[in-house]
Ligand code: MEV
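Have a look below at one chain only, the form predicted on its own, in structure tokens format.
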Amino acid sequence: MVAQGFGKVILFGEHFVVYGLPSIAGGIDKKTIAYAEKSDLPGLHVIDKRPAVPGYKEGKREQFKESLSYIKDAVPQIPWDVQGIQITLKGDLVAASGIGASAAACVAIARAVNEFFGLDLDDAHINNIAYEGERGYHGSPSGVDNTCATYGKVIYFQKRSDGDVLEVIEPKEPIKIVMANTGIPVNTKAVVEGVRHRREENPELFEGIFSEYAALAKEALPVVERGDWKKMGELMNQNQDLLRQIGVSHERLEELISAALDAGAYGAKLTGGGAGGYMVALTPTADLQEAVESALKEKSKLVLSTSIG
């Protein structure tokens, strides 16, 4: 049996989404694939054969184990102490920080478990299981990564205590982007906690930054819907400046962002947890996408031209 989870890119809202502010994100056309078969041993066993940046899997090993434990707990109808399943992870999504690799794996594993045991769970249930798996990596995940990994759409997402807001956005045409990796694996849980600590130390400063982002997110939604790429790029650049202010950028990210903008990208910013991982550049035309990809390949070993929506 084969199951899949999509990679993701966040266009607006890293970190801010954790505090209940809106995020705009989407699934990309690269996936993690899960192949399921019976195991002679009881429990959930995963063999990770995903392509990955150096050090990523090693750095996430304990988080990976914790994630599998949460996934098992999220499917209590399976007697894990009696039944066994072995899942092999592969696919064309290169596992790295900032591209939703953990969420894609969690979704693929959840779907493989669902299909193997004939649970007949819908996407909403798969998304919930994947969210629980993401707790192993993020502590208190926002929910946006697993939602992108589940549905593969462009989405407007807001985490709320009375129920998450999820709206599918349908741009007039696919959003062409180029992503480049810094080569630096990231402990997202630690980065999120760092933001929380700095916010507690400087509440007035962060209140102003968060208020500025809230206004930006409100402006961004119709811009994405109508495909106003120049304005969208400007807003992405503004979002990056706010991310700098909360302390989650990195000199390698800044180097790649500058290279993309110099090559003509409409906007560029970090995507994901920051402090390493990936950046994303908005490149609405094929020629521009090719030019930005070429520029970034001079500075990164892992560059991806793709589209969302």
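Values in this document were obtained by computation on a predicted structure and should not be read as measured data. One rule holds for the numbers: they count along the sequence shown, beginning at 1.
There is another form of this protein, the form predicted together with the named molecule, and it is not shown here; the text below is about that form.
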>> Using a 4.5 Å heavy atom cut-off, which of 141 to 149, 233 to 241, 216 to 224, 115 to 123 contacts the named molecule in the predicted bound form?
In response: 141 to 149
> Only one of I175, A95, L89, V192 has a non-hydrogen atom within 4.5 angstroms of the named molecule in the predicted bound form; which is it?
Replying inline: V192
> Would T188 show up as a contact with the named molecule in the predicted bound form if we use heavy atoms at 4.5 Å?
Replying inline: yes
> Is there any non-hydrogen atom of L296 lying within 4.5 Å of the named molecule in the predicted bound form?
Replying inline: no
> Quick one: is V17 in contact with the named molecule in the predicted bound form, heavy atoms, 4.5 Å cut-off?
Replying inline: yes
>> Within 4.5 Å, heavy atoms only: does A25 come near the named molecule in the predicted bound form?
In response: no
> Hey, which residues along 265 to 297 are within 4.5 angstroms of the named molecule in the predicted bound form, non-hydrogen atoms only?
Replying inline: G272, G273
